[in-house]
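Just one chain follows, in the form predicted alone, and it is written as structure tokens.
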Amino acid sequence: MSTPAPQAAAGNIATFNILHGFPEALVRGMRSSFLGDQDYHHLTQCETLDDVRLNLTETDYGDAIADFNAITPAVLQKAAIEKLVTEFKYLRTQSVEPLATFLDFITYEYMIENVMLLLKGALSGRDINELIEQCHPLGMFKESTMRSIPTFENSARGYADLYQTVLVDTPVGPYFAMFLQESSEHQGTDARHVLEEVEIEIIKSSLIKYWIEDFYHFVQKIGGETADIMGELLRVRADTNAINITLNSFGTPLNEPAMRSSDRKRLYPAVGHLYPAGTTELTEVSNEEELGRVLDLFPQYAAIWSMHASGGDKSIDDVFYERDVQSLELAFESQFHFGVFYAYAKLKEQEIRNLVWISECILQQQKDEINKFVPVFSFHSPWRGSKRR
């Protein structure tokens, strides 16, 4: 009698650990690798990048920078990202379905960013080797595929061939196909005439939209704690995209009345707390004042917008980063779900941004700005301040 294949389900408190206990234990153990308050304090007191390197040798980044006699912000960023990629790939090798597919979904975002980087670089005539060097390792395809993407002709036929011969075989190919199909239906033209008429950033926003929606529906099918926790993280991510798309459209053709109700509206994800009532209201927004009035209807975003509108030191991106770090940290407070893997990757991204910011401030002798970062798992975070007093 053969053993039946396990069903593709995340499981619950009784069954989760049968298939996913080991990788979850790994990622929760990796939480101890984050820099602590004392580490950040030492880094912000450094006078040179050599001091930064010496302080990092006492942290989990010691091995990653051991081979460098001197570091720059770019070198530090690359070493930190390679360390994250190594850890993420190890988690992926220890995973079975549906966790394996969940981890693959995380990498699709980086694939989209890499494709857009190569397309944008090709249009500006940049060197292919330089572009590939800037691509995120988690979103890499085969080298032959990466080198094929920028080699298309700058024409309608060339764009069509790019999808049909290269992108169709990549994991993000379906998103690209959806974009071409929707655009051709919307504009009433053949798909091969679409790409040359649309800016790269609009294409990227469309692909990210499809990825968020696809990821959201996947976690909802998994159900349980994963659907609750990861679903909330993706709803917030969708709302952030909708707000940023609206804000960034001001002063561009996307803010013209005809474009607002057609092209800009199509960029809003069909998930999130703002969908559908909020995104419908955003369609009519033409300036920051009107955007603020819409966000005032949603308590979770009214406070964020008021901080942006007050014109303080923090930009809206800074406030979003703080909100995201708080939400991602909370994912570690629950068990038996996949959201913790997404949270780990995104919190590591924030830590890498912190390291680059600190090193850049030291390099440019801007010590007055050095503390403007968002620490991860910090006892001094605003959302923990009341507990510490």
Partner chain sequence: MGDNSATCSSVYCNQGWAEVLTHMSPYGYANFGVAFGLGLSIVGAAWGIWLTGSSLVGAAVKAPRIRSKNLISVIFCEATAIYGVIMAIILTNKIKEPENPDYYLEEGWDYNGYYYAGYGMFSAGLSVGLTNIASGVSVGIAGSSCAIADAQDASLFVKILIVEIFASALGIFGIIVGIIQSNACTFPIAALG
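Quick caveat: nothing in here was measured; it's all calculated off a predicted structure. Residue numbers count along the first chain shown, from 1.
The form predicted in complex with its partner chain is left out here; the points below concern that form.
Residues Ser306, Ala309 and Lys314 are none of them found to lie within 4.5 Å of its partner chain in the predicted bound form, as judged by heavy atom distances. In summary, the region of this chain contacting its partner chain in the predicted bound form, judged by heavy atoms within 4.5 Å and restricted to 42-50, 321-329, 24-32, 65-73, corresponds to 24-32. By the criterion of a heavy atom within 4.5 Å, Asn371 is excluded from the residues contacting its partner chain in the predicted bound form.
Proximity of Thr15 to its partner chain in the predicted bound form falls within the 4.5 Å heavy atom cutoff. Remark: Asp37 does not count among the residues lining its partner chain in the predicted bound form, judged by a heavy atom distance of 4.5 Å or less. In the predicted bound form, its partner chain sits within 4.5 Å of a heavy atom belonging to Gln335.
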